[in-house]
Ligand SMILES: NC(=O)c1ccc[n+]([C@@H]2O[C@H](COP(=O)([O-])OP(=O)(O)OC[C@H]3O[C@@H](n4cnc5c(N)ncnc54)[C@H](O)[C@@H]3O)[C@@H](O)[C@H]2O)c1
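Just one chain follows, in the form predicted on its own, and it is written as C-alpha cells.
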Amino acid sequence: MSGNRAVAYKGPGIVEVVDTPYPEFELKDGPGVNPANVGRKVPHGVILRTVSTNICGSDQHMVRGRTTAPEGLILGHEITGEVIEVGPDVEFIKVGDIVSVPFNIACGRCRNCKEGKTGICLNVNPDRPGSAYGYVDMGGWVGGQAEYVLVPYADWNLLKFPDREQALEKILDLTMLSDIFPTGFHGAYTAGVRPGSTVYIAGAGPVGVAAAVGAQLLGAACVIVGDLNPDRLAQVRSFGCETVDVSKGDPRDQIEQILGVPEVECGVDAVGFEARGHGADAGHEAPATVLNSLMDLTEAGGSLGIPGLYVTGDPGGVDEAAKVGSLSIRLGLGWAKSLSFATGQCPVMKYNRQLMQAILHDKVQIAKAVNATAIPLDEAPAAYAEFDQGAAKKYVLDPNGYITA
C-alpha cells in the first residue's frame, strides 16, 4: 500500500479531498502535529481501512474558521473500520475485525484512563490532557475522513463488533458509536435523566438528537428539544419529542405550555460556543445564551449536561473575551439553585459497549433518528456546505464502498 485519500481543511469555508500518505506505525510531521509527537512510534497500533466516517458539528467549527486549526489538517474523528494491519505489540485485535474507534485517543495506562476518564488521557497530547483524531490542538493524530487511518493503543481503544455480517448490516447505526451517540447519551446521563424525568435539550443538531434518543433510552417522561431550524425540529418530532422554537422567544414560556410549569428537571446544552440569542436576538451570536437559559429553566437541585463544544481559542468570537473562551455566564444563579454541571469530552468507552448492545438488539434506531445519509468521499465538500446551512442530516462518508456494497 502506498496511497491514501482524505478530507482536508484548506481555509475558512473550504475543504478538499486530497492525496495524503498511507499511514505508518509512526507519527510523521504535518499540519497540526505537535512537534513533541513527531517520530513517535506506534507498535501498539493498527491500520484501518475505513468502513464509515462521519461529518461532525465539531469539524464544522474548524471549517468555519472558528478555531486555530491549521490549513491542511486532515479531518475526521468519527471512525469505523476494518483492521488490515496490526503492529507488533497488538495482542487481541486481529486483521479482519470490524471495529468502532472512540474519538478520544487514550493510552489505557495513565491514572485518568485507569479511572475511566478517557477523554483526558495524560499521555497522548503533549499540550494538555485529552486527544482526538483530526482535531485542532489535540496532539496531531491524523484524522479519519480518509480511506485509511492509524489507530494507536488498539487493544485498549477499539470496540470490536461481535459479528461481521451483522455489523455491516447495521453500519449506519453502529457508525454513531464513535462519537455522537455516546456524546449525546453522556449529555443526558450527566444531566441526571432517569425514568420519569422531564428534559430540555438545547440544539437539534446530531448531538442534540442523540441526546434526545439517549434521554428516551434512560426512561425520560418528556423530552423537549429547542432550536431555530424548522427542519431539525421536525426531525426530532418524528421520534416522539416535543419541540420549542427559540426564535419565538424565551423557551420557558413554551416549556410551560407543554408541561404546565416553566421548568424541567434536567437540562442539556448540545449547542456550544456558537450559540445564538432567543426571540428577537435569534439572528445574533451570543455564546453564553444557552448556558444562561438552561440555568434559568432547570429546577433547583437539577443538573446540566454540557456536551456542546466550548473552546479556548475562537478567532471569530463576538468580543475579546469570547475569543479566549471567556463567557459571561450567570454562575450566581447556578449556585443559588444548587445546580450541577458536567462539561468536557465524553469518555466514549464508558458508554459505547452498552449502546452497541442496544443497537444490535434493536432497542434503538439512532441512524433513523439523526437521518443518517451515506455519501462517497468525493462528496464531502458539498456535504460540509449543506451541513453548514442546517441540513437535518448526519452525513456518513463511505470511502471504500462498504456501505454501498
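Position 1 is the first residue in the sequence shown; the rest follow in order. Being a predicted model, the structure only gives us computed values, none of them experimental.
What comes next is about the form predicted together with the ligand, which is not displayed.
None of 219-227, 142-150, 255-263, 161-169 except one has non-hydrogen atoms within 4.5 angstroms of the ligand in the predicted complex; the exception is 219-227. Of the candidates C346, A380, I366, V63, C346 is the one whose heavy atoms come within 4.5 Å of the ligand in the predicted complex; the others do not.
T289 is the sole member of S197, N125, T289, T243 with a non-hydrogen atom lying within 4.5 angstroms of the ligand in the predicted complex. Using a 4.5 angstroms threshold between heavy atoms, S131 stays clear of the ligand in the predicted complex.
Contact check for L309: a heavy atom falls within 4.5 Å of the ligand in the predicted complex.
A residue is said to contact a partner when one of its heavy atoms sits within 4.5 Å of a partner heavy atom; C113 fails this definition for the ligand in the predicted complex, lying far away.
The ligand is not drawn, but in the predicted complex it has no heavy atom within 4.5 Å of F25. Looking at 91-107, the one residue that comes within 4.5 Å of the ligand in the predicted complex, counting any heavy atom, is F103.
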